[in-house]
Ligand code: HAM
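To begin, one chain is listed below as structure tokens, in the form predicted alone.
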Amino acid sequence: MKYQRLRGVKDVLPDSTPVWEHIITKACGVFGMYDYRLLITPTIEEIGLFTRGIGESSDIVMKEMYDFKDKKGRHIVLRPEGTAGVVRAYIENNMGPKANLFYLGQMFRYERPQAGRYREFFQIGVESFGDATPYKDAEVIRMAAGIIEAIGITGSILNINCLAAEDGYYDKLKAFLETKRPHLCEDCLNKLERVPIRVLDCKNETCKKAVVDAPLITQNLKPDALAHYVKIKELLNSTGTAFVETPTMVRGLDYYTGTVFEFTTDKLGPQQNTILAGGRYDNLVEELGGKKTPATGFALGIERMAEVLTGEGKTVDLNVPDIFIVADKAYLNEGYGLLNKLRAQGIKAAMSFEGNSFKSQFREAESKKSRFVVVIGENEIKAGNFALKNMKSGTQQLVDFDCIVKEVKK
């Protein structure tokens, strides 16, 4: 063929989109219970928003952003993550001292495509502004766990850590890592100069062994941060939210200032095992030009969630018709009228308008996995009723319109 999709992106076909709809619907249902409101931000932003917000030393800014000059010479970026844009919108639109927001949409990063990771990917995220208490952190983590439960993913593990290190910790960590230089990968050697804490989170087995005895951040927390972190753990325990403390876990974004967390799974392989992650970032609003405002949030990847669900053999058929109408060619008008009356009653209905044979139309109904079939032929027209067939049981009965609605809704 003449044109094909670019490497690192994908077409999400109708066989897969019901799972995506399921994830989005369940997540939005949880957001409603927690009183979080939808915010839609642009896909393109000025590059400075991300170099300032994410951090110039981050891998995203240094290697992964899709950036270009527009026709007026402005340096534009396809957003690589959602938080910075939401913070910009929060400041620019004067959304008040407190706001609980969620968003969904495409993100873009130029990185090597692999399982659960694409150059264009879709996220659902949460950002909460104005509450510095550990109760808000616990609420956000509990909400994240609730979304995973609602979606139907089982066996995920919640990992938590705190990044609010006391003065001198990073010097201590860097001094330790300097002694391990011969055992660190090239990527970690680069991080050692820029952001040494990220060496702790390297997935390379040699690096992991080298940092086993590194000074842990959780043993070097600021006193107020330690009290905050202890309270979060207490609140999580009080709601039965199981977690694992992971002192080597850090996030790949520079704006995190306190508690961070991620939900992992063993369904995607060791390199791409995170399905939802987030944390507290109390300095970002001020750094981007707003008033000093505490904030916390998370994001989940729809592709990874979908891959876990389908990998577990779980299917979602949101688009299955309740009724497929099989009509003789001479009675297409009657079929079309019934189709619209059923939809007006909130019943998902479908029909072929081509007047093919009954056998062909029944095959189409089966391919769509329709729950019922309504037959309109000469006999049904003479009787003034419709033949309603239950496709699961195979039973068929002659009924009027009201009976069809009642049976389907039952």
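From 1 onward, residues are counted along the sequence shown. On a predicted model such as this, the values are computed, not experimentally measured, just so you know.
What follows is about the form predicted in complex with this ligand, which we do not show.
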Query raised in the report: Using a 4.5 Å heavy atom cut-off, are Glu81, Glu111 and Tyr281 all in contact with this ligand in the model of the complex?
Result: yes
Report summary line: Here the chain appears without its partner; judged in the model of the complex, the stretch of 273-281, 174-182, 69-77, 210-218 with heavy atoms within 4.5 Å of this ligand is 273-281
Report task. Consider Lys314 of the chain shown here, and say whether it contacts this ligand in the model of the complex, taking contact as heavy atoms within 4.5 Å. Result -> no
Query raised in the report: So in the model of the complex, does any heavy atom of Phe324 sit within 4.5 Å of this ligand?
Result: no
**Report entry** 4.5 Å heavy atom contact, Val126 to this ligand in the model of the complex
**Finding:** yes
Query raised in the report: Is there a heavy atom of Gly301 lying 4.5 Å or less from a heavy atom of this ligand in the model of the complex?
Result: yes
Report summary line: With the partner omitted here, the residue among Tyr169, Phe121, Tyr90, Tyr229 that in the model of the complex has a heavy atom within 4.5 Å of this ligand is Phe121
Query raised in the report: Pick from Lys191, Lys136, Lys267, Arg251: which residue has any heavy atom within 4.5 angstroms of this ligand in the model of the complex?
Result: Arg251
Query - Sequence-ordered list of residues in 176-202 near this ligand in the model of the complex, where near means a heavy atom within 4.5 Å - result: none
